[in-house]
Each structure stands twice: as C-alpha cells, then as structure tokens.
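Presented below, as structure tokens, is a lone chain in the form predicted on its own.
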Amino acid sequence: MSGLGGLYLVLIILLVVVDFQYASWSDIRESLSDERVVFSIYLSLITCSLAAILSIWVAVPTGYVLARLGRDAIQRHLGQKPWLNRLAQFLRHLVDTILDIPIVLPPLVVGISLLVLFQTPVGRSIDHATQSFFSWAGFPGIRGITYEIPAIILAQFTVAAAFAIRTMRNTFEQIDDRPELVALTLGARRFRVFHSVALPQAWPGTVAAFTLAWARSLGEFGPILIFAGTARMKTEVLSTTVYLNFQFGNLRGAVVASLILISVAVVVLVATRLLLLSGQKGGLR
C-alpha cells in the first residue's frame, strides 16, 4: 500500500520537476515582466478570492442544514409518520444529488449551460440589471455578465461552491450536536445556536472549504473558456493564459504560466496548512 501511494507521489513530483527543467528562471522573469501575464495573475487572484468568499457564504449554512437534517433529526421533528419520513428522506437525497451535479458534470457543459441560461429572458434581465449596477457603481466598462469579469466569478463559483458544501457538510457531521440541543432547551434561538455553538467549532473545516474553493477556482478553465471568453487584458486568467500560449504554439510560455499557477496554488495550500496547525496547537493549549 505504501508502494502504491509512493508511486503516485513520485508521479506528482516528476510532473513539477520536468516543468521547472523545461523552463528556466529567465523565462519566468521574462513572463512576469509581461503586462498581460501580470494582468492575468491579478485577475486570477481577485476572481478566485471573490468566488471562494461567495462559496463559503453559501456552503456554511447549506452544509449545516444538510448535516443536521439526517434521518434521526427528521424522525425527531416529524414524529412517527412513515410516509412523511420517507418523503423527507427522498427530498433530502434529491437535494444532495442536485448539489453534486456541478461536481460530476464536465466543465465545458457547465460553461455551455451558463451561456444558455443567460440567453433566456431571465438571464438577460439579470445581465441588464448587472450592467446597470456596475454603471451606477462607477464601472461603466463592465457590460453585464456574459464575456465580462463577473462571468469568470460566476463560472468559478458554480463549481467551487459544490466542493465547499461537501466539505462543510462533512465538518458539521463530525461535530456533536448535543451542545446545540442543550442550548435549544435553554431557550436559545436556532440562529443563535448556529452562530455561537456550531460555527466556532467548525472553523478548521471552514478554512479547508475556503482553500478548496479557492484552489478549485484557480484551476477552473472550461466554464471560463465558454462563458467568459479569453480576451487579452479583459477576461484572461492564468488558466486561459496557459491555453492561449499553447494554442499559439508557444509551449514554453504555456509551461511558464503553468509554473506560476502551480507556485501560487502551493503557496496558498502551505499557508492554509500552517494556519490550521497553529490553530490546533492553540486549541491544545
């Protein structure tokens, strides 16, 4: 078993090593001096952070509800009504399945679905309202959502939120709900119980979910390609920089952009693990 895991570890290390051997440090410095690459780095960092924040904003309450609406909780709330319990269980599994759709769908299908959604009357209304909002906020250059920067954030959020919800649900399922039940019997409201009892215990999982959503957003490509496009100095992020360089036959430039992508992801992952370790040591004290 250790040998199988070791082979996979060696494969990952080899992938990174050959990339660094193919491109020199001078190539990396040259790419970092290119304003288009710098723009794609900044845009990637901004959009990934916003998508991760939105993902956590949705994932924390959704994961909590899914974790607390287990079979025992449904029976406790609905009583001994078999048909009602079966209906509630069916609806719970249905919601679980729907939330997993962005995970199992091919990325290009997600992008096409978003594009088609914003061709409908509802989508066009949202597009128009978004354009009006950004004009009012002082950003007249953003004309709606489709093929604009908001499309990048929405494409990243659509996929990343599903992973964040899974993480938060597992986090809350591992937290004993007896302190919450005690707080409810003492007269605390449900939101107060969630905010004061459950949420403080879930902070390691929240950090992990944010990191997973951020890293997933950083590597997102298919939905962005279809829904936001690859316009230089407009909707170009690091993942599309890799694609554009490869399409134009610049393999070295694609490798350099990949190395920048890998470096940013590794820095975020290491920083997150150090934060979690420091938090665990503080809890032990």
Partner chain sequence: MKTALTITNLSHQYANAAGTRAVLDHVDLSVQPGQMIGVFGDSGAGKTTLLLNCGTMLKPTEGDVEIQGLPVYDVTAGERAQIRAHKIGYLFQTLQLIPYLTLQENLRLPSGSSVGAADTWLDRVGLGDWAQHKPDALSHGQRQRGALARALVHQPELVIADEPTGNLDRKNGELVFRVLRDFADSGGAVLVASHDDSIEAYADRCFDLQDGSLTEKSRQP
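Positions refer to the first chain, counted from 1. Every value quoted in this text rests on a predicted model; they were computed, and no experiment measured them.
The following text describes the form predicted together with the partner chain, which does not appear among the structures shown.
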Does the partner chain, in the predicted bound form, lie within 4.5 angstroms of each residue among P61, L66 and L69, using heavy atoms as the measure?
no
Taking the partner chain in the predicted bound form as the reference, which of A208, L99, V197, I126 has a non-hydrogen atom within 4.5 Å?
V197
Within 4.5 Å of the partner chain in the predicted bound form, heavy atoms considered, which of L94, V104, V122, L186?
L186
Are any of the heavy atoms in S132 no more than 4.5 Å from a heavy atom of the partner chain in the predicted bound form?
no
Determine whether any heavy atom of Q89 comes within 4.5 Å of a heavy atom of the partner chain in the predicted bound form, and answer yes or no.
no
Heavy atom to heavy atom, is V109 within 4.5 Å of the partner chain in the predicted bound form?
no
Listed by sequence position, which residues of 154-181 have a non-hydrogen atom within 4.5 angstroms of the partner chain in the predicted bound form?
R178, P179
